[in-house]
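Before any questions on binding or motion, here is one chain by itself as structure tokens, the form predicted on its own.
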Amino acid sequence: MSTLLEVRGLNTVYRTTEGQIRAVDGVDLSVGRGEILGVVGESGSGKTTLATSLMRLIKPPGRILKGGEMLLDGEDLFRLPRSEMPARRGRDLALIPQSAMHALNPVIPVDKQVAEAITTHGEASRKAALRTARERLVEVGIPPERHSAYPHELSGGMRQRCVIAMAIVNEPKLVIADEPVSGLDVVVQARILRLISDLKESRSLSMMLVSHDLPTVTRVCDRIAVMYAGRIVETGEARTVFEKPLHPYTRALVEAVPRVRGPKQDLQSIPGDPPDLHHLPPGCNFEPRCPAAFADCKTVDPSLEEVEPGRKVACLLYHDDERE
């Protein structure tokens, strides 16, 4: 699988009254063509800031530090003038936001909103754009009799399908989905996830899917990147990461998932709270909450290293010198 997106050394900071914090701290990741990469972690781990950074939608007091790279099809989008990015959003890369209701204009029918995404980035006539928009709405499961509906006339699941149609209508190279099933009931979640899987197969869709729900990303993603305190702490093939987590944080996330099969067991929780980004510990960020921590974890900041083919972990338990 060839690489579509390559992110290197991404740092996003926010200025606060208590000083500057790194919400995304030296992130490296990649997405292959036709691949769905899941980015998972607790609230506050930096997932949404990562997605927003890749869209170059960070606003003051936040900023993306110089030196990082975002190569999309070999082109570094971080080097483009900010004025050029609106033309790239929707055409080269598109965002499926958390809240479809807030993303859609409440006073414009949904088919015209999807059509507007076409006319904004191309030379299609309004009639041709509207025809294509309705084709995409049918593709994502919106029946023709609902195409001219206003957002408030649609269910949450149908609104989410509309923003998915809007994201794919210009056939972007990469789609970034930020919590695409958040706030939906479990039945609708399953249908939206099935839609995403179907679009991946039918369109060879490349996507980065952000979620706090590890089972969700395991169902539809090819690979997983686990984030903690703004950093990637583990990456690997989705099913392998879920069934054989290596980083203690990933293991804790897996153990916190309710099981509907097998013997009954008490749910486990991760002790403590996510770290205050103003006052990170001097060593491993997860050390204060980690049941496997040892002395060096208090002073040594582990890097993300490959521990087996296709698996990377940022943990001293897997560093060569510690294993020896």
Ligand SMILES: Nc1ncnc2c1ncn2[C@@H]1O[C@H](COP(=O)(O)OP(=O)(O)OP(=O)(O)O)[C@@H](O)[C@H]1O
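Just so it is clear, the model here is predicted, and its values are computed rather than measured. The numbering used is simple: start at 1 and walk along the sequence shown.
Only in words, not in the display: the form predicted together with this ligand, which the text now covers.
- Proximity to this ligand in the predicted bound form, taken as a non-hydrogen atom within 4.5 angstroms, holds for one residue of Q113, T240, Q98, T216, which is Q98.
- A heavy atom within 4.5 Å of this ligand in the predicted bound form is found for one listed residue only; from G26, G34, P281, G44, this is G44.
- Of the candidate stretches 288-296, 64-72, 26-34, 46-54, only 46-54 has residues with heavy atoms within 4.5 Å of this ligand in the predicted bound form.
- Under a 4.5 angstroms non-hydrogen atom cutoff, this ligand in the predicted bound form lacks L304 among its neighbouring residues.
- Taking the partner from elsewhere, I270 is found to have every heavy atom lying beyond 4.5 Å of this ligand in the predicted bound form.
- Interface membership of T16, defined by any non-hydrogen atom within 4.5 Å of this ligand in the predicted bound form, is confirmed.
- This ligand is not drawn, but in the predicted bound form it has a heavy atom within 4.5 Å of I21.
- Taking this ligand as it sits in the predicted bound form, the stretch 146-181 comes within 4.5 angstroms of it through a non-hydrogen atom at just one residue, E179.
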